[in-house]
Ligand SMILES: Cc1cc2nc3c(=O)[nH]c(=O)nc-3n(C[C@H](O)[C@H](O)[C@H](O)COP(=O)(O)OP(=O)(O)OC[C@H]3O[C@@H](n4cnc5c(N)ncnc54)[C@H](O)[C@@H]3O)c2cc1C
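Take a look at this single chain in structure tokens; it is the form predicted on its own.
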Amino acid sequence: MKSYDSIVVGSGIAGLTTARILSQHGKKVLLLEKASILGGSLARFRVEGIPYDVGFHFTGGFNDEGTGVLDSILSLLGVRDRIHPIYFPREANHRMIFPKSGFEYIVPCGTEIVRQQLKRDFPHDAAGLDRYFTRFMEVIDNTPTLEVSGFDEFPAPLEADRVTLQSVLDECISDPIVQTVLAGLCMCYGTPPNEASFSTHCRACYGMQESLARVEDGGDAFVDALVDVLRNDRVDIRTRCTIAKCEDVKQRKVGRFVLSDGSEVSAETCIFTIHPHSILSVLPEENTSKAFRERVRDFQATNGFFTLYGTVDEMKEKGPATLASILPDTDLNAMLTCNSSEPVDGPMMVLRSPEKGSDGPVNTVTALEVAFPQTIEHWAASKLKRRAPEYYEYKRLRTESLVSRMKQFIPECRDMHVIDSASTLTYRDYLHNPDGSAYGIRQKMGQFNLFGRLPLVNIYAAGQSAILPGVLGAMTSSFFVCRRILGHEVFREYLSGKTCVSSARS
């Protein structure tokens, strides 16, 4: 039986980050991935030689000076020089289209720029906009983790943790379109405004609001860079393998881990970076309380997406990429909640981006419509490539709807060629995700997420369901878990850049 300092379960951005930090500190690490490829939802796929991203489409955290929080994180991990951000046009960061009212709004980059533009365009809400942005910046100014130096201390509770985003919007803003412009990025973490705390919204959106970027080679850039350094650190990496059982539990510490391939290993610590429901299925029931298990089971999934992948003949707008949202209504609470088992035309985000295909440059389109598992529950027992004919008819009808709306409201997509599509079932099976959700669990106000050390003293949880979804949220959770494992003094030296972080094992 092989012995390790740490086992990391899941090779998404949280798992790769955790494994790298531990290996930088000389830890002997085993990285497990249930799928056949590394990277989780970061990993790209190709159709007809054209690359598409599964779960990583854009991020905040970079800036032109190279001092953004994501710049600093990647520098600590030793891979910043391999990640090349491609910024969205600052004057047209996000185009929001409201078909019902025939109105569209172009949101620029920069929190203060957005504030001044909204005050100019919606003068009746000018005073309320000032109140909203003052409260927004109070959260940002009191969130140390928006800089790497703040990873040494977990944020203290704020008053904004105890109020919903919707309540702040209702208090400050009267115009429903302005409310939707301010709250629209909640589609990037999958929790309705009446459930998410105001602080969650501010922290999740600030980086994207300040500087939105794609990355050259998409999610593969992160995966390739981190896997390369992990192999140099001689981290043991196994695909098609995960933990099946935790055995020999004594004094709440797991002594032996049985893997899904039948082998057994021991480790001082084990960090799960997978969905909380998948973690719960592995933990011994006799060593966890009923209250703990019920709490985890009660976590609600975020929405998923019905996604189209295609190409357009040419980019008619300036800039390396464009983002547009088509919003059938201004009620984000209703649009991010499933009220019917029948598919409806939901809000959708359309990303156009130039990519390098096998036959040369190609202009890709990825259209993501909010979708829910309830709409495809008829086929929940089916598997990839073995679905009923009715399922493929459902996909055909959804595809027609998305294409029709794009052609009507986004002229640049009128010559779109659809290459492939994916439903929440596709995501569920392709990513080994329990429910096909896009962001794990909803970040609900007052909810105690699965994060840090669990009831078993050498078991930890990190990932996009721990603190916040997205690349930045998942990586931040990894840093805090590693801080607990390595100790505060060692971790503080690491953050300061004083630690010698060479390859781990001789």
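All values reported here derive from a predicted model rather than from experimental measurement. The first residue of the sequence shown is number 1, and the count goes up from there.
Although it is not shown, the form predicted together with the named molecule is what the next lines describe.
If you check in the predicted bound form, is residue 457 within 4.5 Å of the named molecule, heavy atoms only? No, residue 457 stays farther than 4.5 Å from the named molecule in the predicted bound form.
Under a 4.5 Å heavy atom criterion, is residue 19 part of the interface with the named molecule in the predicted bound form? The answer is no: residue 19 has no heavy atom within 4.5 Å of the named molecule.
Though only this chain appears here, would residue 470 touch the named molecule in the predicted bound form if you measure heavy atom gaps against 4.5 Å? So residue 470 counts as contacting the named molecule.
Does residue 449 reach the named molecule in the predicted bound form, with heavy atoms at most 4.5 Å apart? So residue 449 does not count as contacting the named molecule.
Using a 4.5 Å heavy atom cut-off, indicate which stretch of 22-30, 449-457, 57-65, 44-52 touches the named molecule in the predicted bound form. Stretch with heavy atoms near the partner: 57-65.
Please determine whether each residue of 136, 140 and 198 possesses a non-hydrogen atom within 4.5 angstroms of the named molecule in the predicted bound form. Answer is no for this spot.
Since the partner is left out here, which residues of 100-119 would have a heavy atom within 4.5 Å of the named molecule in the predicted bound form? Stretch hits: zero.
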